[in-house]
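Encoded as structure tokens, the following chain is the form predicted on its own, with no partner shown.
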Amino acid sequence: MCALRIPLAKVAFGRLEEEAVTRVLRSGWVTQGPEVAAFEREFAEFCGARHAVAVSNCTVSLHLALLVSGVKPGQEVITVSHSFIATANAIRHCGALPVFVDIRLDDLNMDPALIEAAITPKTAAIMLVHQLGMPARSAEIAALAKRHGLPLVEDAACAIGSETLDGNQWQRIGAPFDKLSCFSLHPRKLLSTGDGGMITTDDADLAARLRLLRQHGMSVNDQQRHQSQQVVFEEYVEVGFNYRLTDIQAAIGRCQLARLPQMVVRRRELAELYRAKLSQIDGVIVPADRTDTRTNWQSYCVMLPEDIDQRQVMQAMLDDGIATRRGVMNAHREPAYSRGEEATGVRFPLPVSETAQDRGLILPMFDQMTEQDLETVSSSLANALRRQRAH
């Protein structure tokens, strides 16, 4: 087996991030503080939202978003199984049950036509996912949610920098279609703080409650208390969580955010190069934007032909020194969610979700990739398919 030559992803950290971390370490304030506050302001401005609330990871951002949306134990949240398991887990953390509906194969996102049949008297919210950075049909789903009086939470873990067309204007994901959008700052994402999460909202009351819940329900945060010229005794007004982001992470995030537009441009260039090369391989379906979307191409997932063994292709490419991943997982296929209604509530047939997992192949995608890297990946995939068909 060859040594790994082309990884699946690569974090773009450099001198600016190193200097930012050093600045915070020398300041003496490393927990949630002024860097987090500045990061939140800059993140909200980038997305076109009024408020942003930083938290320790995207899973907890989803958990808090559902809690402040009013989701309670015993209720149901409509979402997709075709997503990282954190999407379903956040619902279970609220004591609610996920109700899985299927996706469309063209963009790997929730099929709006299937949502209405999943709504019951127990439905408390809808949580869509912008899968792999490809925008979901947010406006259509938001309109449906509004008709039924249901809050909509956007799992935008992968979608920082992605855009949708709102009338004649392009709007970045994170300017919420309803009230709350949740992002991941994990190393696989374009913008990374090592790990972390962010929630955007236009609702000042929701932002205030999110900030309360992320810090143990504390009425006065650490920075406010330390800056006060008078003695302040905080109160703990409700049971909260320790879901804070540190100033060290926020300083890194601010550097990343400043470069994000250039990262998105580069990803879109790479996606076009991939499309030109991979479209020539018989039977491979390449992803594409809809006319009303501009994807950030956080990940690049192709669909393999039906007669091809996914695992064999991945192994052949790994032998060539190229990392890949299979299509996005399905929560309902995992032991934690395959025990019937006590774990998953009502589950609708999910043939497209299962097809996307079984035929999907996620190829390397990172800013530092060269055209030669893409040629190497494309040739390896073509050769793997050719060898399988020859046998």
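What you see is a predicted model, and the numbers here were worked out from it, not measured in a lab. Start at 1 and count along the sequence shown; that's the residue number.
Note that the form predicted in complex with a small molecule isn't included here; everything after this is about it.
None of 129, 180, 160, 251 but one reaches within 4.5 angstroms of the small molecule in the predicted bound form through a heavy atom, and that residue is 129. Here is the short version: of 64, 58, 54, 331, the single residue with a heavy atom within 4.5 Å of the small molecule in the predicted bound form is 58. Contact between residue 84 and the small molecule in the predicted bound form is found at the 4.5 Å heavy atom cutoff.
The small molecule in the predicted bound form comes within 4.5 Å of no heavy atom belonging to residue 137. Taking the partner from elsewhere, residue 196 is found to have a heavy atom lying within 4.5 Å of the small molecule in the predicted bound form. Within 4.5 Å of some heavy atom of the small molecule in the predicted bound form lies at least one heavy atom of residue 186. Heavy atoms within 4.5 Å of the small molecule in the predicted bound form are found in exactly one of 163-171, 150-158, 216-224, 241-249, that being 150-158.
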